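The form predicted on its own is given below as one chain in structure tokens.
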Amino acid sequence: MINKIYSSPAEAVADVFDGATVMISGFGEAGSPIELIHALIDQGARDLCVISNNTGSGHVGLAALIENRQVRKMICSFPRSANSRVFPELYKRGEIELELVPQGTLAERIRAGGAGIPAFYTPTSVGTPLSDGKETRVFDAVTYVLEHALQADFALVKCQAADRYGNLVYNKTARNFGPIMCTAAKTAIVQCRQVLDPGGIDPEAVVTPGIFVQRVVEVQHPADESLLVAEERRYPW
């Protein structure tokens, strides 16, 4: 019987290795897998390349993973946002690498990685420093830059509900990056608020089919990231 349920976030991330490439979903609190990230901090894997929309907020979640010096490189669209307090300082001191990618291009690079498409052309970033050193071609009098797909060893994703087969449904903006990250990672690790019995998810409502998910862990009461940031909490506690 297929059963992808793991007993805890710690068990689910236990084999993340030093030097791994890890995709982390987000696009706001709805999709930020705080418990999985904190379990990864406790686990201690280092020299990670992290692919995410931003670099986290305050001193919890992804920001805490960076602050704990476990991340070697960030590939993201927004390295600095309203509550970015960790990454900007480390970057200015030359203690972490950054590959800056326009948001739509980031999403498409991940989607392409999951679809088995090695690269694609886009007009985004043409004529800017982000296109320096990249191949360009002209199609119908328009210049395009070649962007390569992104894949990962692991994806840490947050969804609303799952079943034991790994079928997933999401809450609002969690759907922006979570589904494509599941397809682009060798091992997709998903935390959900609720594990439903088989058949508990309407097949027509499934966003990520279980074939793209390897591990599911139930976190019924996930941390409120914005509240932790407002309270100036730090992880490890």
Partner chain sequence: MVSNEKLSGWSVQQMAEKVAHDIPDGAYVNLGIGIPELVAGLVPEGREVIYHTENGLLGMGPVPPAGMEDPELINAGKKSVTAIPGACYFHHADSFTMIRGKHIDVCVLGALQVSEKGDLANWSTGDPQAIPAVGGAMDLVAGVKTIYVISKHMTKTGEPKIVKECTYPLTGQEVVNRIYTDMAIIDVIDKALVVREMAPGVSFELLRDCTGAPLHRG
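Residue numbers count along the first chain shown, from 1. Just so you know, these numbers come straight off a predicted model, no measurement behind them.
We do not show the form predicted in complex with its partner chain, though everything after this point is about it.
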Counting non-hydrogen atoms within 4.5 angstroms of its partner chain in the predicted bound form, say which of T173, Q43, Q194, N68 makes the cut. T173
Quick one: is R164 in contact with its partner chain in the predicted bound form, heavy atoms, 4.5 Å cut-off? yes
Contact label in the predicted bound form: A30 to its partner chain, heavy atom within 4.5 Å: yes
If we define contact as a non-hydrogen atom of the residue within 4.5 angstroms of the partner, is K134 a contact of its partner chain in the predicted bound form? no
4.5 Å heavy atom contact, N54 to its partner chain in the predicted bound form: yes
Residues of 96-123 having any heavy atom within 4.5 Å of its partner chain in the predicted bound form, listed in sequence order: L98, L100, V101, P102, Q103, G104, T105, A107, E108, R111, G114, A115, G116, I117, T122, P123
